[in-house]
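The data below hold one chain only, encoded as structure tokens and taken in the form predicted alone.
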């Protein structure tokens, strides 16, 4: 039995396991159907192509983090500007990193597949680009109120995505995401402010961590 409320969910789970375990190109829709315990023809009732399955899996790796980042980015905040700006970036790094570290399968390893650059996956690429842009804007906001590198947001984005490779190498621990968020703050020169930043970041995650995700239509996914 696979986790999932529907057959569609079970298909996605099986595909995620096979794509990350043996590669996208080496996985057939028949193999996915066999892993679920259904006929290949039944799989096609839910997904018309293997690309469609990959598109939905890729989209799922960024949609929740993007919804959270949008909410945090748009929040007016309160308190000292330095702490508020730092907390926004810290919270996005921590939340996004936690999603990548705790998901059932390490789907981030599929980001660099040549296939992922195909036009059918543009909704995923656009969402990932938007998320990266928010990182950049949050980094610029923090740079404006403290002495830090102008490229802090992009550095934070790259550090979060490095968790994908660490996980692939079996080097992820329970505090990897929080350590990454703290590292970004240290790079910003805010080591002394960390307790206050962590507290404000935790508040943002409590407020926005369950924000609804705007899911793309099945056709666009």
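Note that the structure is a prediction, hence the values are computed from the model and not measured. Numbering follows the first chain given and starts at 1.
Just so it is clear, the following notes concern the form predicted together with a further copy of the same chain, a form of the same protein that is not shown.
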Of 137, 130, 75, 149, the one that lies within 4.5 Å of a further copy of the same chain in the model of the complex (heavy atoms): 149
Position in contact with a further copy of the same chain when the complex is considered in the model of the complex, options 196, 38, 159, 31, heavy atoms within 4.5 Å: 159
a further copy of the same chain contact at residue 206 in the model of the complex, heavy atom, 4.5 Å: no
Residue 66: touches a further copy of the same chain in the model of the complex, heavy atom cutoff 4.5 angstroms: no
Close approach of residue 165 to a further copy of the same chain in the model of the complex, 4.5 Å, heavy atom: yes
Residue 26, heavy atom within 4.5 angstroms of a further copy of the same chain in the model of the complex: yes
Heavy atom distance at most 4.5 Å to a further copy of the same chain in the model of the complex, all of 6, 8 and 126: no
In the model of the complex, residues of 18-45 near a further copy of the same chain [heavy atom within 4.5 Å]: 19, 20, 21, 22, 23, 25, 26
